[in-house]
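The chain below stands alone and is given as structure tokens, in the form predicted on its own.
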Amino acid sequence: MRTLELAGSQVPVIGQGTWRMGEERSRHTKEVAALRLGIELGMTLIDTAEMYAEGGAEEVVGEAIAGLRDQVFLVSKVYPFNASRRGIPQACERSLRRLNTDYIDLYLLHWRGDYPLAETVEAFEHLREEGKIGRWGVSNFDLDDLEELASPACATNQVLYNLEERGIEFDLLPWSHHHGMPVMAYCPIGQGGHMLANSTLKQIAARHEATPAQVALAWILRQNGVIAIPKAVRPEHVQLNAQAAQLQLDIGDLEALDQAFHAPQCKQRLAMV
């Protein structure tokens, strides 16, 4: 699988998301198995957060990476209300226990809250110096937030990005490319299946003998510096996600998708879920 550099490591351009995992005990075994299968298929970046199922997703991840920790690039996120000088170390320790590891490769501020960014960065840097995290970054930051942050130590910005939500292409994505900051795209295949029912997307998928979800992922990866983190539990979906890294869309495909899902013509408010 193609890789790119993130926080000083080479990571796959398609990773694994875990939002909504850990919410029901009856799905626990299948969720663990899905993540382990994804690791076997090369999707060794796993993204989670203390918010997901209030730590339940981190527990799923902890079980999935048991015995495989050295193969995995682990990303987790801290609540904004924990992003203080005292709160971040405590939140990180809780995440480490749930993940059953002694370090997190990349630790993100989930979205901007009330604590000053300088205080959050200070706490992140202390964790890095202690070896609890490898690097730190942010999530759901718009361009003005990144410009205020103004830190070359910020490793990434994780944002909502898919065919239906292209707002970051107007200014945030070009800025990220210019500054060499990889973007992590969450919900890259949308939510609820509405986007995947689009007729143009289905026609392109049929031409490539692929699924609409694979085309949506290939569209995300048409450019450098972007990582997609879809979530999947069914084994066949995990396998299809991994295979999407090999799908190459041609100019005709991209033009048709531009007609079906318009690029932004002006600044848009940063979309979040």
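Keep in mind the model is a prediction, meaning the values are calculated, not measured. So that there is no doubt, residue numbering starts at 1 and follows the sequence shown.
Beyond the structure shown, there is the form predicted together with a small molecule, which is absent from this document and is the topic of what follows.
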Query raised in the report: Is Gly190 close enough to the small molecule in the predicted complex to count, meaning some heavy atom within 4.5 Å?
Result: yes
Query raised in the report: Is Ser139 close to the small molecule in the predicted complex, meaning a heavy atom pair under 4.5 Å apart or at it?
Result: yes
Query - Residue contact check: His110 to the small molecule in the predicted complex, 4.5 Å heavy atom - result: yes
Query raised in the report: How about Arg98: is it within 4.5 Å of the small molecule in the predicted complex, going by heavy atoms?
Result: no
Report summary line: The stretch from 116 to 124, 85 to 93, 191 to 199, 174 to 182 that lies within 4.5 Å of the small molecule in the predicted complex, judged by heavy atoms, is 191 to 199
Report task. Counting non-hydrogen atoms within 4.5 angstroms of the small molecule in the predicted complex, say which of Leu247, Val233, Leu41, Ala53 makes the cut. Result -> Val233
Query raised in the report: Is it the case that Gly22, His28 and Glu58 all touch the small molecule in the predicted complex, with a non-hydrogen atom of each within 4.5 angstroms?
Result: no
